[in-house]
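There is one chain below, alone, in structure tokens, taken in the form predicted on its own.
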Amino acid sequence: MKSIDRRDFMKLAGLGGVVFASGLGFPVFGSKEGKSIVQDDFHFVQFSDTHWGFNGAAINPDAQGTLKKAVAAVNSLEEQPDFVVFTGDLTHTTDDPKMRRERLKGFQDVVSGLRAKTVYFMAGEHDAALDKGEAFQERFGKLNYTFDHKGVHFIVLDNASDPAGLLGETQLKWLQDNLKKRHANAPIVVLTHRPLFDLYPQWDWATRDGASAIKALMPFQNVTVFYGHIHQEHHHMTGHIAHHAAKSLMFPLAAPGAVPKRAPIAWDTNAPYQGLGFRDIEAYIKKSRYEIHELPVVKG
């Protein structure tokens, strides 16, 4: 595939001007040779809920192809993202520990084709709830961790390896200790699988002790949360903290409470890949905001 610039990529993907601006409200400064400098803007890509290993032609007859198409689309960018993040449910659940490991490897084999030099992974309940993240950690490392990029502090939280959908006291203490080292105006991005707020607990769209995490984050003025799990775009505010859910790359789900039972939406042959997608996130540091571009899977 010929390389394309990011503006052409938005046109190819049929973006149609769908942009959500999340205010950060901060100028970000670093230091070089003792001088203060404004950090550069950057962009990253969020994939979520790829469910590698899912099989169901009525739901997605291209189950082996959608992730590969998304990888190819990102690889076609002339300006590559600074990094790519996967916010959980990398694989589809299985009771067989051997199969779970095979699916994690199969997923990794596909995404190893990304041109982006840096890729971050986190577990979803499909990857980790049945073995408390054992297989995931063997292949991808820690379930919760932090990293910093161009003045922004990223915190990866694990609310998936506990079958009860908990962060747990140990992780909450870890979060609190980490935040003690941050200034009140520090730019913070939280990456997690389940929503931290009670979106729709009846469908497991919540984190049982998520309120404790939000309480710990609330004193910080520039916090944004990106998550997955609900297989659809969704935006929510808890006070000044913005929460943004990403679409799935395997199958969409109905809006919370829109149907009696949570279940995948059937494939529409008249609108293939409808409801599937990923996102490109622009961090405009000098303008103090994020812009989120929702991108569909393009039929190849």
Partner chain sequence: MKRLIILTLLMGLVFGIPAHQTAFGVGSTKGKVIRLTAKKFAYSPAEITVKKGEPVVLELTSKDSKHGFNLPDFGVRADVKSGSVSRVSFTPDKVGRFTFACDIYCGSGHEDMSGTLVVTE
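Numbering follows the first chain given and starts at 1. Predicted model, so just to flag it, every value in this text is computed and none were measured.
What follows is about the form predicted together with the partner chain, which we do not show.
In the predicted bound form, Ala129 approaches the partner chain with a heavy atom inside 4.5 Å. Contact annotation: Asp158 falls outside 4.5 Å of the partner chain in the predicted bound form, judged by heavy atom distances. Shown alone here, Gln137 lies farther than 4.5 Å from the partner chain in the predicted bound form, counting heavy atoms only. With a 4.5 Å cutoff on heavy atoms, Thr93 counts as touching the partner chain in the predicted bound form. Only one of Pro219, Gly141, Pro97, Pro201 comes within 4.5 Å of the partner chain in the predicted bound form through a heavy atom, and that residue is Pro201. This chain is displayed alone, yet in the predicted bound form one of Arg182, Arg101, His149, Arg208 has a heavy atom within 4.5 Å of the partner chain; that residue is Arg208. Contact with the partner chain, judged by heavy atoms within 4.5 Å in the predicted bound form, is confined among 57-65, 255-263, 269-277, 240-248 to 255-263. Of all the residues from 151-183, those having a non-hydrogen atom no more than 4.5 Å from the partner chain in the predicted bound form are Pro163, Ala164.
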